[in-house]
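Shown here is one chain on its own, the form predicted alone, set out as structure tokens.
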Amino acid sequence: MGIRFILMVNKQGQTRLAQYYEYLTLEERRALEAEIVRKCLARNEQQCSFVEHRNYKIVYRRYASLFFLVGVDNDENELAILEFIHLLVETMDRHFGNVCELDIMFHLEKAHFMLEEMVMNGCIVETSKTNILAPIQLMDKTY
């Protein structure tokens, strides 16, 4: 499948966005998020951005006050996922203008919509920022 989940977490460890591509109960999600966030936030900048946890490989990157964490299968290419995270941030930057935690909190539906345009059933299906943002810009025009 590839991508199993995508999390956006602030420096305090609070989840701001969570998108899962496999079924987990709420209790399992809370436990998984707590373990992963604790593990990733405790690492320093000199350590690599890949962590193995349970049967996942976690690829993460910090942008300003947000951590972007992506859980993938063990055979997934880590550098491709880092590039995906960068594309996601660039896309959000283009729409929000230097995306920050508040943009995600106040426009959660738009952040989810961008993810839904980019990833389908755990597979990356769109990488063009213009194509990703076109439906969102159409929705903005109707308001």
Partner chain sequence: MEQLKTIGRELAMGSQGGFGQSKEFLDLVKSIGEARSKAEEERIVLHEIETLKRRLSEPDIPKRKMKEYIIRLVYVEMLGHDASFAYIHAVKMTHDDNLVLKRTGYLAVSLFLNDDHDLIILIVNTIQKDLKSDNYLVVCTALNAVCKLINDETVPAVLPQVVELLGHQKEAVRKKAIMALHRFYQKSPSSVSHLVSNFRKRLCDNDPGVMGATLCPLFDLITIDVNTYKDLVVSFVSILKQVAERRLPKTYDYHQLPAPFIQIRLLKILALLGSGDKQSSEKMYMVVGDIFKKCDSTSNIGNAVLYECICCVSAIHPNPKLLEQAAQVISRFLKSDSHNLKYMGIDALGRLIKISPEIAEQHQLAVIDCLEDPDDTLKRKTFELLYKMTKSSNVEVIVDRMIDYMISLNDNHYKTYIASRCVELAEQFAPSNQWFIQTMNKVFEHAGDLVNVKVAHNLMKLIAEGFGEDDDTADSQLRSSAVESYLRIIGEPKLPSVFLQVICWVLGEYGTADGKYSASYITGKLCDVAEAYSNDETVKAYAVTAIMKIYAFEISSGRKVDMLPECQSLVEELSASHSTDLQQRAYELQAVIGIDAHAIESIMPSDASCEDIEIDKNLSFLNGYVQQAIEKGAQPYISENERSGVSSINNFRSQDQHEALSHSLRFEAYELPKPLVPSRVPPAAVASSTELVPVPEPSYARETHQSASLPSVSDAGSSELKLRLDGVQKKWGRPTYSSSASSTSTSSSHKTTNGITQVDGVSTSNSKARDTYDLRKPSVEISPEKQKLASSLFGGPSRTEKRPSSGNHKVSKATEKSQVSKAAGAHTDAAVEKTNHEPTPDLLDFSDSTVTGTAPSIDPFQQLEGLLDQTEATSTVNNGPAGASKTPEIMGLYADTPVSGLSSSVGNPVLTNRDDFNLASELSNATRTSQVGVSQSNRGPNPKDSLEKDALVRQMGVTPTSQNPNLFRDLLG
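Given the structure is predicted, the values throughout are model-derived calculations rather than measurements. Numbering follows the first chain given and starts at 1.
Another form exists, predicted in complex with the partner chain; not displayed. Remarks below refer to it.
In the predicted complex, the partner chain lies within 4.5 Å of some heavy atom of D93.
In the predicted complex, the partner chain sits within 4.5 Å of a heavy atom of R54. Proximity of E28 to the partner chain in the predicted complex: non-hydrogen atoms within 4.5 Å are absent; the residue sits far from the partner.
The partner chain in the predicted complex comes within 4.5 Å of a heavy atom belonging to C48. Contacts with the partner chain in the predicted complex, taken as any heavy atom within 4.5 Å, map within 102 to 116 to L102, D103, I104, M105, F106, H107, L108, E109, H112, F113, E116.
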